[in-house]
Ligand code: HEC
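A single chain comes next, written as structure tokens; it is the form predicted alone.
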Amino acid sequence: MALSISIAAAQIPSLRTVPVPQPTGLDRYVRDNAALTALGKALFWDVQVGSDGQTACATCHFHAGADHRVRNMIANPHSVAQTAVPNRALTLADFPFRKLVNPNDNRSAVERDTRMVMGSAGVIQRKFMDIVAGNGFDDGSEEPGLTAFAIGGVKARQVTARNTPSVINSVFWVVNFWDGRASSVFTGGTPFGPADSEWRAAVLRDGKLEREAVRMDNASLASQAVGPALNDVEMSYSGRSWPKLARKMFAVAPLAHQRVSPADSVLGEFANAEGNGLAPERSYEALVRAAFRPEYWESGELDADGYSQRELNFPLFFGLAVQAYESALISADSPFDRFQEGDASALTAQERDGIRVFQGGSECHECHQGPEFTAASFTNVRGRGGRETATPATLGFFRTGVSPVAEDLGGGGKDEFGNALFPRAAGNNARGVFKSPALRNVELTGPYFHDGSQATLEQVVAFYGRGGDFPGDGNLGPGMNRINMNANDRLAIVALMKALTGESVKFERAPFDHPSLCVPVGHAESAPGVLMVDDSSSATRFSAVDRWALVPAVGREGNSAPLQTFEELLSGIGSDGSRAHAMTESCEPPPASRP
């Protein structure tokens, strides 16, 4: 036994041994990487990026890089009979979504089948009209009857069609998003890489403003970053443009409605000693000037639509800055890493046995390879290119029977230009494939799978033990079979996965410290199932009143209590202060519209 553990362990070194992938050609645009990271952290956490002035990138990624909410988080993006009920709060009893009479047999009778998705609450559906000078919110036109996320004509926040993955360690992935649509090639304006041949950066050359193509490899985080900001479910009112968003952000104070700890590992030296946000001299314009080469922002010339160079280049600034911040979110201080670095006491006997099971008959290592614990990492892909030139399997994408292929095509879908996400995939090989998620910090990032259908790691292990939930109709890819594990093996696998939790992530120590965030956690009801109407302005007359929870600011030393797990959230464990992010402390959000 000791020999097999030693051999298996040697095959999975500490994450500290893995070089951090670097985007190509960054120096062409960036002159100060520290300033770039500071800009990226401010933009990632700033709720003013959202059209409602209340929704940041971090709103869906505030808890170990993932979401941590249970109310108004269900969507029904598929053509099935069931209808998602807005504002419902999930409980532990709702999981798994597909419950079998015999959980070890995927062909046994079905006791419950919730054909819906646990996603993340975004913005209320509105049409973008214009920015409001000097304010974090946009003007939006709100008409009744345009969305399924409503009860009795009162709109709830829309919910995304897939579960929110963690951004921690995402720098190691070749492509991003569940379906891989965030290309490894960043072209400056959209997630889709070379498929987007239109966007051009505005550059000052010899006193003249010219347009030039952007191409950066190893930059899927930048490709991913520019997706949600204009998405009309996640962060934006429909029809907003990058220049409009840029004009708003250059006119507001960074993090104006949020607390920044003076001990923040990145933003602390810029924190406003007199109140929220950053010091007055640390405007977004100042941060851009510090981070980027002047030929990309210094021109005073306006284009035919009246936009400045810095406004035209804002998606380039945004993508590269958020990429720089997320690239620093590396978790390599788990008990597993310490064990691999020579601390024999770092893992228990059960956790060490989990390595044996993981590398042996469980077949877990087939999809969760290497120190990153995903086959979708640069280490495991080893020069196979991006999705434009590779097949799904070579990039770590698999079809595992989480949901029927007909419900979600995953990597078999198309980008917004009509191109196949995996153009080199033969036949239907890309249909229903999804990126293999990394297992690091998975203890803290439930629910699990792209549809959020499993609440606990034990449920995940049971899913693979029975060989997936949908064995027929081509829903299982090659190699996806029932895995025979006894009760001790299953416990050992779960113990190992929990040993992949980084101590710095668990306690939000640097680089995982952050500004404060007021998070919407469902809507107020005047009676069960009856949403209260927000009558604070004419712009919200069809909208529901939000309920809010505070995620406090934390500095580089982190919290005294560990983060709450999803299972603990569902069970009410940790609301006594023994867990961080228990979602019990209320807060006052910034305004979403004019009075």
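Note that residue numbering follows the sequence shown and begins at 1. All figures in this text were calculated on a predicted structure; none of them were measured in a lab.
Form predicted in complex with heme C (HEC): not shown, discussed below.
- Residues within 4.5 angstroms of heme C (HEC) in the predicted bound form, judged by any non-hydrogen atom, belong to 176-184 and to none of the other stretches in 347-355, 510-518, 176-184, 126-134.
- Heavy atoms of A201 never reach within 4.5 Å of heme C (HEC) in the predicted bound form, leaving it off the interface.
- By the criterion of a heavy atom within 4.5 Å, R162 is counted among the residues contacting heme C (HEC) in the predicted bound form.
- Heme C (HEC) is not shown here, but in the predicted bound form it comes within 4.5 Å of a heavy atom of L221.
- Remark: E234 counts among the residues lining heme C (HEC) in the predicted bound form, judged by a heavy atom distance of 4.5 Å or less.
- The contact with heme C (HEC) in the predicted bound form, taken as any heavy atom within 4.5 Å, belongs to L457 out of A332, L100, L329, L457.
- This chain appears without its partner; in the predicted bound form, the one residue of F398, Y307, F149, F292 with a heavy atom within 4.5 Å of heme C (HEC) is F398.
- Residues are counted as partner-facing when one of their heavy atoms sits within 4.5 Å of heme C (HEC) in the predicted bound form; in 366-387 these are E366, C367, H368, in sequence order.
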